[in-house]
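Listed next as structure tokens is one chain, alone, in the form predicted alone.
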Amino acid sequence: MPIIVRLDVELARRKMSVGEFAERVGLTPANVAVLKNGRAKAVRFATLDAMCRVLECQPGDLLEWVED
């Protein structure tokens, strides 16, 4: 998929654990792992909004398009 989720980079920058992030966003750690490992097929805007609020970033900081 040409969309890459850069969640691991943003979590590392903030030194935030997956567990803490999952709790603050309202996701299960398993669903955060799906996002973090690039296995997600979709992300709801509500989830993206919560992720950006917790990480204090823009959607473009979390998502990147790359050519196949």
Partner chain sequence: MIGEHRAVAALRVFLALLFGILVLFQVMSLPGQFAHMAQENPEMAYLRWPATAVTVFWVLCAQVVIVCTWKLLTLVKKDRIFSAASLGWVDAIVWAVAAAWAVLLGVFLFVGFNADDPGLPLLLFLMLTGLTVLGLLMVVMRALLRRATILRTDMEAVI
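Positions refer to the first chain, counted from 1. Not measured: the values here are computed from a predicted model.
Same protein, other form: the form predicted in complex with its partner chain, not shown, and the subject of what follows.
- Does any heavy atom of Arg53 come within 4.5 Å of a heavy atom of its partner chain in the model of the complex? Answer no; every heavy atom of Arg53 is more than 4.5 Å from its partner chain in the model of the complex.
- Query: Quick one: is Thr47 in contact with its partner chain in the model of the complex, heavy atoms, 4.5 Å cut-off?
  - Reply: It does: once its partner chain is placed as it appears in the model of the complex, Thr47 has a heavy atom within 4.5 Å of it.
- Message: For its partner chain, considered in the model of the complex: do all three of Leu27, Val34 and Ala40 come within 4.5 Å of it, counting heavy atoms only?
- Response: Judged in the model of the complex, Leu27, Val34 and Ala40 all sit within 4.5 Å of its partner chain.
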